[in-house]
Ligand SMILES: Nc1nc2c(c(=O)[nH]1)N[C@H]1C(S)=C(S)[C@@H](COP(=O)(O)O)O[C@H]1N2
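Quick setup: one chain, the form predicted on its own, written in structure tokens, and binding and motion questions come after.
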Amino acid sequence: MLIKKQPDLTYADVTPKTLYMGRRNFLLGLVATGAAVEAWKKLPRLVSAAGTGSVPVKLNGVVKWPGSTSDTQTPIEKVTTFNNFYEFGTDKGDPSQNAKNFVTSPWTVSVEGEVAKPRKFTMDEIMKIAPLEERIYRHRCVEAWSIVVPWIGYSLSTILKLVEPTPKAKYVAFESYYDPKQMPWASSAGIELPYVEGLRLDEAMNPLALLCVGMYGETLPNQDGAPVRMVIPWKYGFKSIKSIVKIRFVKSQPPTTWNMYAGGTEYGFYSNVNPSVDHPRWSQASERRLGPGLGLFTRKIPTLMFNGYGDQVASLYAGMDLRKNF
């Protein structure tokens, strides 16, 4: 299996180039008047040069979400160079190198299926549907490492309500963008593509489920799921699908990429963070936190049920056997 256990990694396991992902200041080379600069700053959208991929730009007017964790944030240089994005390679350092020229503009997200008002949303529309919030979430990978990230976006339910789901809608299915020409590394990913994920409707409507368009004050870097992704903080990270192009309301539980892998023997549909349910090849009782300092990981800490978000989500699973429905 291509997912690797990562408890003893060092920086030698990450692409040995500069820690930074090459975040270019969007003002570089901009020779314009002060008024033009201010107008540019106010654009909460992706800036893309044709054929050269998108460059993260500052997002203005972002409000602080009061429910953010007080845990120490993981430095951006680690979050942007230690990634799982198999379409751009299976090693942690691959996506930051291979996704540099990923073209993410123009971009639309189709929301369809069991809804009264199916619709395609452009990124400009997505950016303006609701006020953008900075939510600092814990993010737990199934590989037993974790990060703390200031994501930017708004509750997924905001956009889902706009298409008016019908009573037949019981689940929400997601699909990532896939283009073999832009993602030639995907041929050796070992998983079926395009990447697909899913949630039960009540999970998707939970306020914590974040439709994410940025992080660290800027739009998303390519390797972290530009231009729009999900962040579901109480589930393992692979549920937080990247580079979304389709959201579909369906009647039955949809297939998901890692649940289909190996006949579903390693990953269940729910994939809630649960320290008492081990992965077949390693314990989930603890995790290694990526953090500041010279080393990749700062410390080993106990894993929390629902990643510490039980107060907000435990009621979704009342009466369920979370060992059986893992």
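As the structure is a prediction and not an experimental result, all values here were calculated from the model. When you see a residue number, it is the position in the sequence shown, counting from 1.
Here the subject shifts to the form predicted in complex with the ligand, a form of this protein not shown in this document.
Exactly one listed residue, out of Y154, W151, F249, W107, brings a non-hydrogen atom to within 4.5 Å of the ligand in the predicted bound form: W151. A heavy atom within 4.5 Å of the ligand in the predicted bound form is found for one listed residue only; from I159, C141, A204, A186, this is C141.
Heavy atoms of I147 reach within 4.5 Å of the ligand in the predicted bound form, making it an interface residue. Mapping the unseen interface onto this chain, S176 counts among the residues with a heavy atom inside 4.5 Å of the ligand in the predicted bound form. Proximity of T219 to the ligand in the predicted bound form falls outside the 4.5 Å heavy atom cutoff. In the predicted bound form, R229 approaches the ligand with a heavy atom inside 4.5 Å. Between 128 to 136, 238 to 246, 161 to 169, 67 to 75, the stretch whose residues reach within 4.5 angstroms of the ligand in the predicted bound form through a non-hydrogen atom is 238 to 246. Applying a 4.5 Å heavy atom cutoff to the ligand in the predicted bound form picks out Y86, E87 from 86 to 102, in order along the sequence.
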